[in-house]
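Next up: just one chain, as structure tokens, the form predicted alone.
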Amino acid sequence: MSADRAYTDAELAAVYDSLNLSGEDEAFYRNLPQQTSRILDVGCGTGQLALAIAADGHAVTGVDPAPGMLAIARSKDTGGRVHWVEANGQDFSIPGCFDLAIMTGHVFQVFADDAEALGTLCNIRRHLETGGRLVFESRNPLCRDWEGWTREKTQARHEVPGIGAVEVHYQVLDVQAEHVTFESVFDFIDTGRQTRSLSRLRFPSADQIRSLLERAGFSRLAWMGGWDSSPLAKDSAEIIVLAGV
């Protein structure tokens, strides 16, 4: 679970929240726990969702490998409600067990191959109580979202607190089988500086995800295709997975 420059660079990490506003996915994840729970947020980023879930009364631990993102998360956590851990998905070790683990923001797609994904799933499995659940989402490769990742279709200007206006766009550099390599380009209007961040995402199929979960020891698998809990279909934008222990 490596971290792109957009997450490790302090200035680029500060732009993240302005690009990723709360939406239907946040409401979906916040509604998952039916009672006060111990929750593990793997790939927690700037802590937006972890802090919201903690405000709902749950005990939350956020794990992320990017120091820039965690610095922002800690700065927002003025009450010290969340336990923050800097580590990748395969290596973190936290005492006790959790009722629910989540991976949001398409974190599952940063795992480069089966070995990395399986290592993370097995580690999460070790941290779950009997009866616990893992919930995450991945973009449906059949929808070929990356074909819309062009400057013309993605360029937008954002007002970032403490930084000013930033124009951001994305452009695909390479598509090889299930892997897509693309650039995030940041133009800081006030300073005239441009910064680029290289990313590589994997677009696994639902069948590949199922196989990895079963190999990691998960069962009771359920699938959804949208944040409204609609069933998974071939044209669903999301592959939302609910896996039990």
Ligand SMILES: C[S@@+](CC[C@H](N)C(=O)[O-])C[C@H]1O[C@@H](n2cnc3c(N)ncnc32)[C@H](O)[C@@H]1O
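Just count from 1 along the sequence shown to find any residue number. The model shown is predicted, which means the values in this text are computed figures rather than measured ones.
Below, we refer to the form predicted in complex with the named molecule, which is not included among the displayed structures.
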- Query: Counting only heavy atoms and a 4.5 Å cutoff, which of 210 to 218, 178 to 186, 31 to 39, 44 to 52 contacts the named molecule in the predicted complex?
  - Reply: 44 to 52
- Query: Even though the named molecule is not shown here, does it sit in the predicted complex so that 205, 231 and 237 each have a heavy atom within 4.5 Å?
  - Reply: no
- Message: Considering non-hydrogen atoms and a 4.5 Å limit, does the named molecule approach residue 223 in the predicted complex?
- Response: no
- Item | Contact label in the predicted complex: residue 16 to the named molecule, heavy atom within 4.5 Å | yes
- Message: If we define contact as a non-hydrogen atom of the residue within 4.5 angstroms of the partner, is residue 86 a contact of the named molecule in the predicted complex?
- Response: no
- Non-hydrogen atom contact residue 138 with the named molecule in the predicted complex at 4.5 angstroms: no
- Among 72, 82, 110, 101, just one has a heavy atom within 4.5 Å of the named molecule in the predicted complex, namely 110
- 145, 116, 167, 129 - the one with a heavy atom within 4.5 Å of the named molecule in the predicted complex: 116
